[in-house]
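Let's start with one chain on its own, the form predicted on its own, as structure tokens.
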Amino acid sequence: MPTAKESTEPAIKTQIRQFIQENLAEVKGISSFRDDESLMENGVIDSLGIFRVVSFLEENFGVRVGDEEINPENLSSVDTIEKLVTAKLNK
């Protein structure tokens, strides 16, 4: 039987990916990106997009993202965003 952590991770990643795809990528004409791909380098996310992602994470997952956590290390790809959320949920 999967642990709670194992069963929630795919749902977290799916929700993050879907939000980014629908709200940030598609409006810029970007139809696909990999989970490990830099969203800033490929043009999916800009500075405004970062704040939209942070708002989405706080509203949908009930986590608080501090100003010091808003950096490329935490928000560069779907994978790094998922790790940030998972770490906060498991505190």
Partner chain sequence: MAYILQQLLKKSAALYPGKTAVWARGRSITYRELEEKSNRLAHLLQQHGVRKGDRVGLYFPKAVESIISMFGVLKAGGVYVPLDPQAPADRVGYILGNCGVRVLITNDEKRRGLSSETLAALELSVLTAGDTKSSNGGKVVPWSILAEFPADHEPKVTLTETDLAYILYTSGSTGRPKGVMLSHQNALTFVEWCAETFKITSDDHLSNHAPLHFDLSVFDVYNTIEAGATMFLVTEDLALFPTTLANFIESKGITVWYSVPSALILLLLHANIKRERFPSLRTVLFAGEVFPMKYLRRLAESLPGVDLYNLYGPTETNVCTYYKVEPARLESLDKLPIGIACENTEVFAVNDQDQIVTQPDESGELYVRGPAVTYGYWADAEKTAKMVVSNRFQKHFQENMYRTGDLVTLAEDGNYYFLGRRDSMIKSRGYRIELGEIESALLSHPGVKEAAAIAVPDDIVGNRIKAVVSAHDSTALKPAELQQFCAARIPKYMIPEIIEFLEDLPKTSTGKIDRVRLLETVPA
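Positions refer to the first chain, counted from 1. Since the structure is predicted, the reported quantities are computational estimates derived from the model, not experimental observations.
A second form of this protein, the form predicted in complex with its partner chain, is not displayed here; the remarks below concern that form.
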4.5 Å heavy atom contact, residue 28 to its partner chain in the model of the complex:
yes
Does residue 71 reach its partner chain in the model of the complex if we count a contact as any heavy atom within 4.5 Å?
yes
Does residue 50 make contact with its partner chain in the model of the complex, using a 4.5 Å heavy atom cut-off?
yes
Under a 4.5 Å heavy atom criterion, is residue 12 part of the interface with its partner chain in the model of the complex?
no
Taking its partner chain in the model of the complex, which residues of 32 to 48 have any heavy atom within 4.5 Å of it?
40, 41, 42, 43, 45, 46, 47, 48
